[in-house]
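Below you'll find only one chain, the form predicted on its own, shown as structure tokens.
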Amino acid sequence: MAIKVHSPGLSTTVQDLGRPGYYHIGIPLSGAMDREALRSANLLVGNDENAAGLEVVFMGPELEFTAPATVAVTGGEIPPKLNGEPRDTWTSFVVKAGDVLSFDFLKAGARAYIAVSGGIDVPVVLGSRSTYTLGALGGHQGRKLAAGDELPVGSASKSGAAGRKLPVLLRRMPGSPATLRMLPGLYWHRITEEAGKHFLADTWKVAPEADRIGYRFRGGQKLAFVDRKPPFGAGSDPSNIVDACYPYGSIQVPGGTEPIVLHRDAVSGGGYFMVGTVISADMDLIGQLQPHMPAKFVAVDMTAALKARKDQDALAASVRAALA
């Protein structure tokens, strides 16, 4: 079976849950920006949670199926249409050979996930089918989809029944303003106490420069730095440091003006200081933020971060139970 791409949408890529284990050599995790949404879509159609699906940004593609399959669309609310007829999100439905899947305008969120029974069967690269476009690695020819592409689909070991629906309470989306919990640290000592208070008190807004590499925020007060003599190897700007590793979720603030949260396709190191790190449990939420949406950074400690991860695991278990 194959899927014919009539129109690719704004930016549609093949993603699974990513390729961990290579960040130390500069190859990022990649994978779905909203991992829980992709997991849910796969479970709805009877796939393994890590099966490759399509990540859709802001505007959906138009796809033709060459054989019967079960499909589900989750994540951001980009309403699907089958042969022009509306279909519900977070709900599985059957397609036949020749059916065309298209999408209405974005209503909420930023990224939708399309799962097809059997999964998108592109080659595995370094343990994953995810697309890393900056490195032209994985996915469909290492790039986002284009009109005329044909995507192979694997054989489904089992297929989710049509009409399966994930309860609303098990769908996690950001609020307004979005709350992004973070662990202060790394280079928090480089800013003044007053600047730290402003950073957490201010409401920031997502900038247009927000993608898989990093989400930029603006609108808060410029950070004031503690005076210092720049160490050897660091730049003269107070936000510069001697090159260091960047953890996922780390928050750079170049020049002290606009925070950037590094995401799935982030570079692994560089010379900007990091004011802290967004906890892993809230990284999915960032992937659903549109430009100009408000957000607040909330300081937590490691105990709270670990509890949040435990809560996220419990939510995933509830999703599995609901769709078993």
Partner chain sequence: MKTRYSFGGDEHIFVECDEEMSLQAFFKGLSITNGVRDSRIKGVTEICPANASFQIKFNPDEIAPDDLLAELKRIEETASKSVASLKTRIIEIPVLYNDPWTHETLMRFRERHQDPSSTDIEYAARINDLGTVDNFIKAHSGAPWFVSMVGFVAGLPFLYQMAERAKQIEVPKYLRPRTDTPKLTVGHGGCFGCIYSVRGAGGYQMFGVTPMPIYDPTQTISYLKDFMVLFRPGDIVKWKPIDREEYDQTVAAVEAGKFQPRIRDVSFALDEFEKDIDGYNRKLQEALYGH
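All values derive from a computational prediction rather than experimental measurement. Numbering follows the first chain given and starts at 1.
Below, we refer to the form predicted together with the partner chain, which is not included among the displayed structures.
No residue in the set Thr70, Ile120 and Arg320 has a non-hydrogen atom no more than 4.5 Å from the partner chain in the model of the complex. Checked against the partner chain in the model of the complex, the candidates Ala161, Leu126, Leu169, Ala108 yield a single residue with a heavy atom inside 4.5 Å, and that residue is Leu126. When you look in the model of the complex, the only residue of Val100, Val153, Leu137, Ala224 with a non-hydrogen atom within 4.5 Å of the partner chain is Leu137.
Using a 4.5 Å cutoff between non-hydrogen atoms, His189 counts as a contact of the partner chain in the model of the complex.
At least one heavy atom of Val267 is located within 4.5 Å of the partner chain in the model of the complex.
The partner chain is not drawn, but in the model of the complex it has no heavy atom within 4.5 Å of Gly256. Shown alone here, Trp204 lies farther than 4.5 Å from the partner chain in the model of the complex, counting heavy atoms only. Picking from 240 to 248, 193 to 201, 72 to 80, 170 to 178 the stretch near the partner chain in the model of the complex, with a 4.5 Å limit on heavy atoms, gives 240 to 248.
Contacts between 1 to 20 and the partner chain, taken as any heavy atom within 4.5 Å in the model of the complex, involve only Pro20.
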